[in-house]
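Next up: a single chain in structure tokens, the form predicted alone.
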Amino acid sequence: MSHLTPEVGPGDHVLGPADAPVTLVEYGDYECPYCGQEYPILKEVLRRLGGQVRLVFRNFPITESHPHAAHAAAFAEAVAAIGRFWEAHDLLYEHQATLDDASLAGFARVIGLPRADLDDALNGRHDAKIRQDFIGGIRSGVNGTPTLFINGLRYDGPRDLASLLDVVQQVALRAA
């Protein structure tokens, strides 16, 4: 079983209470269709379990298969810099079929990201953060997306809603 390396830290994108008994980390790629399928499931897990779980997202763009994944991750990091990461995260997963640079420019206007910040992002301003996430994924045993970790341990079980709700609730009970 793989362990999350590095642990969740201040540089991570976190949604949910800091004191939640369960931390669910996703290594994801915005252009990955499997991540797109998992996106509404993870949102529903958060909605149903509220304060019992927090979600952490780390970039793992697989650029060999997904030509727009790196720029999508750069866009999300640029939006994170203005404090609105999760809006970008949701927008990207809800529009996976349109992640080209022109679409990212449109998303930037919707979110209020200045064009100069988008251009800087697409020219590599946030590449170090994305690379750091990716290398952390490799060190943690990530070899595809989405890969999930629950309280620091890789989760390779079923990822349907009922299964994830069940495993997260079990982990929350053990942590209490």
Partner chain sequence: MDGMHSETVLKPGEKAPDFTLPATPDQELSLSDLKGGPVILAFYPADWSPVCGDQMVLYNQILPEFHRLGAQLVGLSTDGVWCHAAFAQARGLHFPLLSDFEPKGAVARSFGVYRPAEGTSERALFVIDADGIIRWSYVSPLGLNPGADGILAALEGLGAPAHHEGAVS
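The structure presented is a predicted model; accordingly, all values stated were derived computationally and were not measured. Positions refer to the first chain, counted from 1.
This protein has a second form, the form predicted together with its partner chain, left out of what is shown; the following refers to that one.
Does any part of N59 reach within 4.5 Å of its partner chain in the model of the complex? Heavy atoms only, please. Output for N59 is no: heavy atoms all beyond 4.5 Å of its partner chain.
Its partner chain contact in the model of the complex: P67, any heavy atom under 4.5 Å: Residue-level check for P67: no, no contact with its partner chain.
Closest heavy atom of D156 to its partner chain in the model of the complex, within 4.5 Å or not? It does: once its partner chain is placed as it appears in the model of the complex, D156 has a heavy atom within 4.5 Å of it.
Partner contact for L49 in the model of the complex: its partner chain, 4.5 angstroms, heavy atom: L49: no contact with its partner chain in the model of the complex.
Partner-facing stretch of 104-112, 59-67, 39-47, 117-125, counted where any non-hydrogen atom is within 4.5 angstroms of its partner chain in the model of the complex: Selected range: 59-67.
Heavy atom within 4.5 Å of its partner chain in the model of the complex - residue from I150, L55, V142, I130: It is V142 that has a heavy atom within 4.5 Å of the partner.
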